[in-house]
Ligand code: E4P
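One chain comes next, on its own, written out as structure tokens in the form predicted alone.
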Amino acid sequence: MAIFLDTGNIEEIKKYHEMGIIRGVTTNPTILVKDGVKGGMKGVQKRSIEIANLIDPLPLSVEVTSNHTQTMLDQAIEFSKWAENINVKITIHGPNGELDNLMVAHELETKHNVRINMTAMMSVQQCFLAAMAGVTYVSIFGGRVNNMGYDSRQEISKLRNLLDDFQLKSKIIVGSTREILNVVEWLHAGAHIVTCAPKLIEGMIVHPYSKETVQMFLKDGAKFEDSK
């Protein structure tokens, strides 16, 4: 699946989707606020439906805004009705380590047919348990894993081996992408998907030597025009 665009900006999504290089979009409340979504939950709904329709049938992740058990269930079911290609982000546990989130995710996947992207995970064991609970995506924050002094590539490789060994269906999403180098390294280590902000994708495309070469080609090409 490769690259999910990490943004709520419609113009950026349209630009990279038209290039044919993204395989989905991820958002969260922080991203949506940064990208100017206003009007509370109605604003989130409007933007989410707009993105989902734009990229259909590619998946869009939308995150719940509460850690209250019933509210997570209600929001996830509601969000999933906005469009068929929406999946719902739920964090691995609550802000103080509350343990209801895996139960919520399991119930949504098995009883309500809601695809879950379990997020904010920093370790293989968290992701493994989320996969055992049956979630569609397990999101590990590779950049933050590196910041904690671990090699995120090794963690991703261990996780992929576990999923394969136990024949678990979950796909690995690696987020918190800080460097262009992360993208290929993480995919090579076994990630199914890496999330990228628009600026990172631009950096993957534009190379200073490519710019120099293109400028040379155009400069020399102009000489043929001048000689007509």
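It should be emphasised that the depicted structure is a prediction, and the values quoted were computed from it without experimental measurement. The first residue of the sequence shown is number 1, and the count goes up from there.
Another form, the form predicted in complex with the named molecule, is not on view; read the next lines as being about it.
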{"property": "Heavy atom within 4.5 Å of the named molecule in the predicted bound form - the one residue of 48, 170, 182, 176 that qualifies", "result": "176"}
{"property": "One residue of 93, 106, 144, 115 in contact with the named molecule, assessed in the predicted bound form (non-hydrogen atom, 4.5 angstroms)", "result": "144"}
{"property": "Heavy atom of residue 153 within 4.5 Å of the named molecule in the predicted bound form", "result": "no"}
{"property": "Residue 187: touches the named molecule in the predicted bound form, heavy atom cutoff 4.5 angstroms", "result": "no"}
{"property": "Residue 33, heavy atom within 4.5 angstroms of the named molecule in the predicted bound form", "result": "no"}
{"property": "Options 39-47, 22-30, 155-163, 198-206; stretch whose heavy atom lies within 4.5 Å of the named molecule in the predicted bound form", "result": "22-30"}
